[in-house]
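Coming up, as structure tokens: structure 1 and structure 2, two forms of one and the same protein chain.
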Structure 1
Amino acid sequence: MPKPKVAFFDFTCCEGCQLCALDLTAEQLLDLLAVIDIVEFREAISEKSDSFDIAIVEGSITRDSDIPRLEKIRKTANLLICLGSCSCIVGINALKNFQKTEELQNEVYPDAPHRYETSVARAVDEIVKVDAIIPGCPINTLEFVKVVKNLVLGKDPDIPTYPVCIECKKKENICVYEKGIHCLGPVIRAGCGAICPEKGGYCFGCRGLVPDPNLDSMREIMNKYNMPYDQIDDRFKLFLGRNKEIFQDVQ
């Protein structure tokens, strides 16, 4: 079986998830390279290629001029994988959708607002078909390896559909609500190992909603634990601003 050729591409993002993809032990990296050929990856190699089987795309689509490039990547690749919150769910890039485009242009480039081309921040699957997602801000490196491996084997990518609570309970973490902290864990896709609640924080929602979330109940519970509804909206906004179930009226 010839090794599939894999290329990495980035749009609007910090490129941190690509770095996470490299955050492997030497053995893991060699094992990975025994299974795939990396033909384009600007954070790791100088080579570029117009021929690849799997495209791994990081970042949101925030300029209309990005669309032809993304469409060309899609056309070339057999499989397209979204890497990180920005490409999977837009994440923090969606915050700008709550402001008018002209306002943003004037704020960022007050002397030459027209130089700043921008439009609504969108997820990759709003433009082209996506075969698998590796969510997170940043991604979980081991999940990246697992998804790539499963796809190479022709299997389902197999990322969790259950919420972060499952991972907290398995680790016997004290529920952060008991500490008076509000957490989005009950409605957010697991796979991170509940790292934020475990380390004293709370779930920000970077991995996106579970497939069938009970948002009404989540909001009521957060309110019951003394959080006003406008603050609850802000909590959701940080990573889930592009979610149409939560924010219907945003551009």
Structure 2
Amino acid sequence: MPKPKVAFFDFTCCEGCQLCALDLTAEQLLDLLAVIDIVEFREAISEKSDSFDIAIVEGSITRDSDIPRLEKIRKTANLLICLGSCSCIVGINALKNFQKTEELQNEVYPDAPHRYETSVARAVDEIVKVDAIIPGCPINTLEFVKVVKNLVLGKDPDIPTYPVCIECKKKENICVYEKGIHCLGPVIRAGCGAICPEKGGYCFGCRGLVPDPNLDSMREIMNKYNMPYDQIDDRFKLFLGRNKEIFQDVQ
């Protein structure tokens, strides 16, 4: 049976997640290429293809003129996978949605504010149907390989639905709240290995919300440690601008 053809595409993003997808050992690469045939990947090959079975899309949609291209990709592919925060949850690009378009254009391009097209930043699933996600900023390379192989084999992508706090507890990390620092771990999807809290930082939400986030638990934790609510807004806005309502719901 022929291997499924895979094509990579990018919209508004830094393309860092595609670079992570390339950051494979020789063994991992051979393992992946044993089950797929990459027919288009601008970061790695010059070839292009109008025929593919799986589309892997990085980047959010920030221009209306990009929508027809995305719709064509969706129509061609049997499966569409979102790669990274920008495509999965809009990510940092959603920060522009908190500003008026005119003000934004004048700030970014003061000499020619209307030269470049822009619109509200949207995740890919706000435009077309998405079959699977690989969240993160950047993605986890091993998770990328696992998800692609699982889909090719007809299995569940196996993306965690529990919060980052679970991974912190497994690693016996000191809770960031014990240090007097706001952290979004209680409501953010795990799968990163709690790398930011483990390295002395905090979870800033790059993998997006867990399904049905427990906001009551988040409030209880903040009250327990006497953490002010106004500071949590900026944490949520960095990656979760798409979910503006959570800023108010958690208070």
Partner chain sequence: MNKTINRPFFQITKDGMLAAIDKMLQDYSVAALTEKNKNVVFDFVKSSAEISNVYKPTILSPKKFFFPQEEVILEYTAEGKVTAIIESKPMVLFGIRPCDINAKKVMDEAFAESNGDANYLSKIENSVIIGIDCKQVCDEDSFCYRVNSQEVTTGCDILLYDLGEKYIFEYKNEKGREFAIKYFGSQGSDHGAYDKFLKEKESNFGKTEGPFKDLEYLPGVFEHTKDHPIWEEEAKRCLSCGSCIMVCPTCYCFDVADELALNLKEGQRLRRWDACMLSDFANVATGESFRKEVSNRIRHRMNRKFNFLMRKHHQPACVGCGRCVRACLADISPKEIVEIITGEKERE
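All values reported here derive from a predicted model rather than from experimental measurement. In this text, the rigid core denotes the largest set of C-alpha atoms whose superposition between the two forms falls within 1.5 Å. All residue numbers here refer to structure 1's sequence, counted from 1.
Colleague: These are two forms of one chain. I'd like to know which is the form predicted on its own.
Modeller: Answer to the question: structure 2 is the form predicted on its own, whereas structure 1 comes from elsewhere.
Colleague: Under a superposition restricted to the rigid core, does I195 display a Cα displacement of 2 angstroms or more between structure 1 and structure 2?
Modeller: Comparing forms between structure 1 and structure 2, the I195 CA shifts below 2 Å.
Colleague: Tell me, please, whether between structure 1 and structure 2 the C-alpha of V210 is shifted by 2 Å or more, with the rigid core used for superposition.
Modeller: It does not reach a 2 Å shift.
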